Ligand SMILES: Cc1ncc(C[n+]2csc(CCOP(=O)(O)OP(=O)(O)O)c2C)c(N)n1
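The data below hold one chain only, encoded as structure tokens and taken in the form predicted on its own.
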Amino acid sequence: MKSIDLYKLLKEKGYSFFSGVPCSYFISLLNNISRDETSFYFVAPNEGLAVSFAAGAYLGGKNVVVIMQNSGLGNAINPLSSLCIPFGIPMLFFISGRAYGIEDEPQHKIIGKAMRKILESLSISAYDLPKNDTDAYGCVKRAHSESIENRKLVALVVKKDVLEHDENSFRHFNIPHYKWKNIFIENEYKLRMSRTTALCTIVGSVNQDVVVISTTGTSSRELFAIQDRTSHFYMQGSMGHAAGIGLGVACSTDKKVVVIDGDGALLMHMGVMSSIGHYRPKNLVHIVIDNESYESTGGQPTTSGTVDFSEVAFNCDYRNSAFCTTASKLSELVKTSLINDGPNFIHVKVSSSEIPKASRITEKISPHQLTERFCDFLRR
């Protein structure tokens, strides 16, 4: 089924409010939504908030759709069970079927196996979206009728390649430009270093005794491709939790700890900055590489264009907080942060990656092996 045809069907059924956290299975669907000025796609920092945004839109008179990767289903359980179900708020869910009857990355396997049981335990009707066009149309129409007529939640599980990418309409989302305390010139975005350059600069500024924890997605894959070290812990899933892991590690070792975060990931669980500022580990350096997009899933925009992360860190009581856009300044800040007591925060604005298709880490090392070697390094 073509993504554009699915979108037209949803519009025909009165759906105009969409929210979620992107998955690459839905690149073309999200592109089609973004093109239509009569629809609204609400960029949510996590899946739970996507549900609550959609619930509010329903109360305001809209038919609503939530789009998510199945690994984020756990984030949505609370508002599903305590808000939507008891209050009879209907919505359609499109949930990607990662590791759902197919081989996939290790971090997806548990939720892929348990997803249908979780949905059933919440009395959420769930249907696999058929690959055949005619069957898919019928499935979506039945799901819509069941949701609206019974005021209930209905999930459509989308396996890999069930939705066809509309190659002729594929595009990266336009990233909005915002003045940043009046220090950027108009074409500042074009002048930023790439994320690849930022990662190379960070690696080149720390020695092999420094712990590096990198956020999920292509940031970790790129870091692995640039230089693999036993002191590196590459997150594969659990989006938004890199800084939390870093805080735990920093409070458990005397080694210097660098967390390489992403803007979408940090927005998902930004409360961790309060915890870091409260406990103030002296050995922690928290870096957010901010390209204002979910680049791993097709370049959909985050809301970081209007967020001053360095100011947030300062107000959360990090000891030092800084902002930069150049490799030379980033190198200087990293080296200084490793010498000075922390927690230290560095906000780096970047452009897109130079390694768009970095290999998956699990092709060379399993998550268990990664954990074992990282633990061995910390215990040395």
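Residue indices: 1-based, along the sequence shown. What you see is a predicted model; the values in this text were computed from it and never measured.
Although it is not shown, the form predicted together with this ligand is what the next lines describe.
**Student:** Is there a non-hydrogen atom of Ser194 within 4.5 angstroms of a non-hydrogen atom of this ligand in the model of the complex?
**Tutor:** Looking in the model of the complex, residue contacts with this ligand do not include Ser194, since no heavy atom lies within 4.5 Å.
**Student:** Classify Gly97 as contacting or not contacting this ligand in the model of the complex by the rule of any non-hydrogen atom within 4.5 angstroms, answering yes or no.
**Tutor:** Heavy-atom contact with this ligand at 4.5 Å: absent for Gly97.
**Student:** Using a 4.5 Å heavy atom cut-off, state whether Met268 contacts this ligand in the model of the complex.
**Tutor:** Met268: yes, in contact with this ligand in the model of the complex.
**Student:** With the partner left out here, check for me: in the model of the complex, does some heavy atom of Thr297 sit within 4.5 Å of this ligand?
**Tutor:** Heavy-atom contact with this ligand at 4.5 Å: present for Thr297.
**Student:** Considering Ser337, Ser321, Gln69, Ser28, which brings a non-hydrogen atom within 4.5 Å of this ligand in the model of the complex?
**Tutor:** Partner contact (heavy atom, 4.5 Å) among the options: Gln69.
**Student:** Out of Ser293, Ser214, Ser231, Ser147, which one falls within 4.5 Å of this ligand in the model of the complex, going by heavy atoms?
**Tutor:** Only one listed residue qualifies here, and that residue is Ser293.
**Student:** Just one stretch in 110 to 118, 200 to 208, 215 to 223, 135 to 143 has heavy atoms within 4.5 Å of this ligand in the model of the complex, so which one is it?
**Tutor:** Answer to the contact question: 215 to 223.
**Student:** If we check this ligand in the model of the complex, which of the residues in 242 to 278 reach within 4.5 angstroms of it by a non-hydrogen atom?
**Tutor:** Gly262, Asp263, Gly264, Ala265, Met268, in sequence order.
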